[in-house]
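Before any questions on binding or motion, here is one chain by itself as structure tokens, the form predicted alone.
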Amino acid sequence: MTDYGHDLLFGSFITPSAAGAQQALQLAQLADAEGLDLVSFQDHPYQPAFLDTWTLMTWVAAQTSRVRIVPNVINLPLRPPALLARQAASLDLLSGGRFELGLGSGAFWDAIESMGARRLTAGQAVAALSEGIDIIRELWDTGTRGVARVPGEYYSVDGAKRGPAPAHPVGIWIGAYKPKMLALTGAKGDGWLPSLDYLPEGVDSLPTLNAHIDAAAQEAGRPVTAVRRLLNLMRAEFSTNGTGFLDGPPQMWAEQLADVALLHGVSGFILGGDDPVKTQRFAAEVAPAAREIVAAERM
């Protein structure tokens, strides 16, 4: 049993479709009104069928009041980290501390290269992400005197002025699946943000993957609780009779998610699908019931 003790977060994973562009905003506003904690958006700058994720997040932040906004996850090869640090801090300040930074090392390298970025191997991409995280944190650190100097093979800054500082300690949540990325998450991340569909054995993968993160955190001198665990849920259906994981009535969903929280330490559940009815039921029926179960078990 691994419960890292974090408060539970519930959110939505919204497709940034350029067709019917206002739909993404409307779904975010629905999540805000229904009491969800997070709205998140995938980031594929090479995809012309999608809105630019950063522009969309800014638009959403301006037209919501309480929900936190998360890229799920930012494509670092196409968004230089020094600029990203200032963008993230600016959006956090403008939104009143409602931004968290999901980061990824990059995928779909043919498409990334077509946009002018350098093609990297998997190992190089992890190293580049590590350097990018260092730069972002240095530029956010306005409490340190002097300019920021971060040497690197893929990204570097040499004399960059620090700031602005975010309105709150922005979490860096890393999309990770393989050992090197999991190790980076444990060493430098504030959160782990995978999609359930991509885990080789579904929720049964979580103990092994958590162990990789925990070992890396401890090696870096960090408590394992420093890394929040979140999970994107892309295949989930409400039905009268339960047939499996997240296929059943809301109470079954709540019980299953509470088990994942208490047994595997996942404290953030982000629902995909762009279905407003499902979003409402997730917020109104699943989230409160799951919180109640977890709170009772933690007493």
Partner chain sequence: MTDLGIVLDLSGSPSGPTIAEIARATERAGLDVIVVPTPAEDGLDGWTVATWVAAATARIAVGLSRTRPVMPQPTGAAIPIPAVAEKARESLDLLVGPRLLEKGWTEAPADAGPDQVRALAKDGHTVVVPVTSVADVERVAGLLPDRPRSTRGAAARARRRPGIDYDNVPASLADTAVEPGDPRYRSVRSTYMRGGSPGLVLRPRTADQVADALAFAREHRDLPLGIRSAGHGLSGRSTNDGGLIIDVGGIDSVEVLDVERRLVRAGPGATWKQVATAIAPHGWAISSGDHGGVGVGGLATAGGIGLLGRAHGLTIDHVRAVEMVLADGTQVRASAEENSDLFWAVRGAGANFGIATAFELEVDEVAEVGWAQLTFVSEDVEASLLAYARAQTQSPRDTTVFLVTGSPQRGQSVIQLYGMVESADPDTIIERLNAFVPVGQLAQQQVVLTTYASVMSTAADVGPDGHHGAGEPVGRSGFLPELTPEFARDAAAALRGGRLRWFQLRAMGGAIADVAPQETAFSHRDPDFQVTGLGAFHAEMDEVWQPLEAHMEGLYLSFDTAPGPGRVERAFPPPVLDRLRDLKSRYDADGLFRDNFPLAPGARA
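Numbering follows the first chain given and starts at 1. This structure is a prediction, so every number in the text was calculated from the model and none was measured.
The discussion below concerns the form predicted together with the partner chain, not included here.
S.K.: Go through 220-228, 180-188, 199-207, 150-158 and give me the stretch that gets within 4.5 Å of the partner chain in the model of the complex, heavy atoms only.
M.R.: In short, 150-158.
S.K.: Each of 246, 272 and 276 having a non-hydrogen atom within 4.5 Å of the partner chain in the model of the complex: is that the case here?
M.R.: No, the whole trio is out of contact, none within 4.5 Å by any heavy atom.
S.K.: Is there a heavy atom of residue 284 lying 4.5 Å or less from a heavy atom of the partner chain in the model of the complex?
M.R.: No, no contact at 4.5 Å.
S.K.: Verify the contact flag for residue 124: yes if a non-hydrogen atom of it lies within 4.5 Å of a non-hydrogen atom of the partner chain in the model of the complex, no if not.
M.R.: No - in the model of the complex, heavy atoms of residue 124 and the partner chain never come within 4.5 Å of each other.
S.K.: Taking 4.5 angstroms as the cut-off for heavy atoms, does residue 86 touch the partner chain in the model of the complex?
M.R.: Residue 86: yes, in contact with the partner chain in the model of the complex.
S.K.: Would you check, heavy atoms only and a 4.5 Å threshold, whether residue 212 touches the partner chain in the model of the complex?
M.R.: No, no contact at 4.5 Å.
S.K.: Could you work out which of 26, 239, 251, 47 is the residue within 4.5 angstroms of the partner chain in the model of the complex, going by heavy atoms?
M.R.: Looking at 26, 239, 251, 47 one by one, just 47 meets the 4.5 Å heavy-atom criterion.
S.K.: Which residue, 172, 91, 216, 128, has a heavy atom that falls within 4.5 Å of the partner chain in the model of the complex?
M.R.: Residue within 4.5 Å of the partner: 91.
S.K.: If we check the partner chain in the model of the complex, which of the residues in 15-37 reach within 4.5 angstroms of it by a non-hydrogen atom?
M.R.: Contacting residues: 18, 21.
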